[in-house]
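Just one chain is shown here, as structure tokens, and it is the form predicted on its own.
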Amino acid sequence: MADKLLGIMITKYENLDHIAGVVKAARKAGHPVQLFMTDEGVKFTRDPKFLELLKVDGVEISVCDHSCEKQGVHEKTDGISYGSQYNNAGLLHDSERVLVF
């Protein structure tokens, strides 16, 4: 079961401790993790504690650029891929399991 991708979709700016815990547990078990943020979840791109996840090997983070505009998040963060709901569709397609926060 190792190497099976865990997808995490984040739509709300809450539950950071749970998200980080799941990411770290999945990586410890050998699973790659992709996160996609949309709606108010894009506010995590400015959260220093969340950005610590960028340092975890095997974790990829993407975000809906349109949601950033709507939420007033204009500054880009290095290490995060800014795209569209197409990134979300890819995450859903490629993941063995998907969690939504």
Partner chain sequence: MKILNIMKTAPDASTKKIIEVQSAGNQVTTSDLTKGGISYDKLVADVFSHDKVFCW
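Residue numbers count along the first chain shown, from 1. Keep in mind that what you see is a predicted model, and the values were worked out from it rather than measured.
Not on display, but discussed next: the form predicted in complex with its partner chain.
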### Message
Quick check on Val63: any heavy atom within 4.5 Å of its partner chain in the predicted bound form?
### Response
no
### Message
I'd like to know whether Gly79 contacts its partner chain in the predicted bound form, with contact meaning heavy atoms within 4.5 angstroms.
### Response
no
### Message
With a cut-off of 4.5 Å between heavy atoms, is Ala26 one of the residues that contacts its partner chain in the predicted bound form?
### Response
yes
### Task
Examine His31 and determine whether its closest non-hydrogen atom to its partner chain in the predicted bound form is within 4.5 angstroms.
yes
### Task
Would you mind checking 12-26 for residues with a heavy atom within 4.5 Å of its partner chain in the predicted bound form?
Asn15, Asp17, His18, Gly21, Val22, Ala25, Ala26
